[in-house]
Ligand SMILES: O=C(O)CCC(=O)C(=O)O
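Quick heads-up: it's one chain on its own, the form predicted on its own, in structure tokens.
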Amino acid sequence: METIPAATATSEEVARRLTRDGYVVITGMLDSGGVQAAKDDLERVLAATPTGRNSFEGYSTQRVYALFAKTRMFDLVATDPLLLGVLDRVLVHYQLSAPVGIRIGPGEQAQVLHRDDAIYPVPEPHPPLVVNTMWPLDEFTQENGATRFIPGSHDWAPGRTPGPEDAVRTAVMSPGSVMFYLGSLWHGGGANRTDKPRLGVILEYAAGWLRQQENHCLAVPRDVVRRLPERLQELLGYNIYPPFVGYVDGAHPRRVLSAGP
């Protein structure tokens, strides 16, 4: 799978490949120390995290919802300059929608292929609504549940679904890499045929005028949000979609954070 090193990547080039191919992989986004620190902290959270409730979540898969209420390890990742530069070009105005840690356990079955933007009842075709990023904290391999996807499927005609003639690829990646993919790309978690779990984190962003999948204003306690960088506060929903969508009592929602409880 063709990749771009983070040291030479530009937001313009990543955005161009993302919109052309539906996905792009960048290597070297996190160093080994950052990966290990994130993994260690998520292991703490996963110790109290149940497995999934249905086949889509995965009966042998753990999902860490309300991610920014439970760990500080992804604050800088979510506001990485290269990442935000790509989002500036593809979505323009955007917010975090569904950030979640995912640990696929041994024996898990492959997730059904799906499109992340299909939850929004918007006529097709449409401009990009969702950009997803997958951050592996373990090696992602063919055998342990690496993300599967169909290149170019973001450009399919409305109503088309995957068939046996469509080549499904696997996002084989090392920790520290990131895979960008459009919400219109058909993809899904793979089956884990090994005896060890594989851990990754999804940071999903959606256009600023859409409702976020997870309601971060309720999921992340306000006293926690007050201590976060301003840009991350905005990404969690304390922001305005121009000219004034999202106001609170006629004012910018960040004022709520400084006004009291």
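Residue numbers here begin at 1 and follow the sequence given. The model shown is predicted, which means the values in this text are computed figures rather than measured ones.
Absent from the display: the form predicted in complex with the ligand. The rest refers to it.
Using a 4.5 Å heavy atom cut-off, which of 113 to 121, 87 to 95, 156 to 164, 74 to 82 contacts the ligand in the predicted complex? Comparing against the ligand in the predicted complex, the contact stretch is 113 to 121.
Using a 4.5 Å cut on heavy atoms, which of Pro151, Gly188, Gly176, Gly105 is close to the ligand in the predicted complex? Answer to the contact question: Gly188.
Quick one: from Lys39, Lys70, Arg63, Arg193, grab the residue that has a heavy atom within 4.5 Å of the ligand in the predicted complex. Looking at Lys39, Lys70, Arg63, Arg193 one by one, just Arg63 meets the 4.5 Å heavy-atom criterion.
Within 4.5 Å, heavy atoms only: does Thr147 come near the ligand in the predicted complex? Thr147: yes, in contact with the ligand in the predicted complex.
In the predicted complex, is there a heavy atom of the ligand that lies within 4.5 Å of any heavy atom of Arg198, even though the partner is absent here? The answer is yes: Arg198 has a heavy atom within 4.5 Å of the ligand.
The ligand contact in the predicted complex: Leu182, any heavy atom under 4.5 Å: Judged by the heavy-atom cut-off of 4.5 Å, Leu182 is well away from the ligand in the predicted complex.
Would Trp209 count as a contact of the ligand in the predicted complex, using a 4.5 angstroms cut-off between non-hydrogen atoms? No, Trp209 stays farther than 4.5 Å from the ligand in the predicted complex.
Using a 4.5 Å cut-off on any heavy atom, which residues of 118 to 141 would contact the ligand in the predicted complex? Contacts from 118 to 141: just Met134.
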